[in-house]
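Coming up is one lone chain in structure tokens, specifically the form predicted alone.
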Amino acid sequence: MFTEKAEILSNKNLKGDYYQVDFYSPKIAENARAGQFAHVQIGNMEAHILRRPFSIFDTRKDGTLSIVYKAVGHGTKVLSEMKYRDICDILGPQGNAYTPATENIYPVIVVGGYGAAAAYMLAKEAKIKGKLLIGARTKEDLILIDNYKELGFEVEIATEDGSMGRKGLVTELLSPYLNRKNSMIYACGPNGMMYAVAKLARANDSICEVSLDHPMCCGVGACFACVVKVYDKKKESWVYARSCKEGPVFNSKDIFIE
């Protein structure tokens, strides 16, 4: 894990309230893996001491670290207004990562909203270009679809209001890919969606990893504010795992589902 005073290279609006910020953060970029996150102290917010966790969208060999975010509160609003060469203090990469999609794995990536950003590196590095199932409340919350298509992924879309793709939940697109030979399900999105995907995968004996988005305070495993109930095989009992340390990626078979 590294701490870097990261200079903003660009900060652009993607659509609506969604933005992509590129930092020059060579140590974090070099060491980041798909599914990990960065903990950002937003510049010009000295009175707000808590960092904000953001999934790592992409990295480049030139030291660029990219984050996709939605301006929904004061902190992300301030971030959206920052300019070229402004500085943020970044801690990372943090958390664990997805199991890489090797040449033996057909990846089925299930995402909701800007969960699409967290799985992009996984898709980029996948040996086989598989399927992206993406869902949102409305088409205005669908992002990065063209990015996945450019990688060679086939895309299926669901929106709750029917404004694009199939009307309904993204989990309704998953049935054909459950218990498929040599496939693995990777998911990122709202927690309700993650538990629904995990439940379907478990019921159909499918290999699945989910990224659980729990509120974080310290981000380094000290405060235990972001715990997730999981099964510890060694202790043969349920324990609480820190999503910032033991997560955010968990095997769907290990998490507690009510």
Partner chain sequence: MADLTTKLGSLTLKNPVMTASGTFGYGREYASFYPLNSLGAIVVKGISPFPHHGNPVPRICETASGMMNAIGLQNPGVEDFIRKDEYLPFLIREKATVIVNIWGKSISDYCKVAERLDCVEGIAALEINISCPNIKEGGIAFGTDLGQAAKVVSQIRKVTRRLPLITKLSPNVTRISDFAKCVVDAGSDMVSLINTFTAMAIDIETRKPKIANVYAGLSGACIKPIAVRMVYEVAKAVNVPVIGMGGIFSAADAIEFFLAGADAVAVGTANFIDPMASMNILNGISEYLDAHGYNSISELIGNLNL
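Definition used throughout: the rigid core is the maximal C-alpha set that superposes within 1.5 Å between two forms. Numbering follows the first chain given and starts at 1. Everything numeric here is computed off the predicted structure, so don't read it as measured data.
What comes next is about the form predicted together with its partner chain, which does not appear here.
Colleague: Should residue 1 be counted as a contact of its partner chain in the predicted complex, where contact means heavy atoms within 4.5 Å?
Modeller: Yes, residue 1 sits close enough to its partner chain in the predicted complex that at least one of its heavy atoms falls within 4.5 Å.
Colleague: Check whether residue 200 has any heavy atom within 4.5 Å of a heavy atom of its partner chain in the predicted complex, and answer yes or no.
Modeller: Close contact is absent here: in the predicted complex, residue 200 is far from its partner chain, nothing within 4.5 Å, heavy atoms only.
Colleague: Do residue 233 and its partner chain share at least one heavy atom pair within 4.5 Å in the predicted complex?
Modeller: Heavy-atom contact with its partner chain at 4.5 Å: present for residue 233.
Colleague: Would residue 27 show up as a contact with its partner chain in the predicted complex if we use heavy atoms at 4.5 Å?
Modeller: No, residue 27 stays farther than 4.5 Å from its partner chain in the predicted complex.
Colleague: Given the stretches 219 to 227, 65 to 73, 200 to 208, 29 to 37, which is the single one in contact with its partner chain in the predicted complex, using a heavy atom cutoff of 4.5 Å?
Modeller: Result of the contact check: 219 to 227.
Colleague: Taking only heavy atoms into account, state which residues of 201 to 216 are within 4.5 Å of its partner chain in the predicted complex, ordered by sequence.
Modeller: Sequence-ordered list: 214, 215, 216.
Colleague: Look at residue 233 and decide if its Cα position differs by 2 Å or more between this form and the one not shown after superposing on the rigid core.
Modeller: It does, since the residue 233 C-alpha is displaced 2 Å or more between this form and the one not shown after the core fit.
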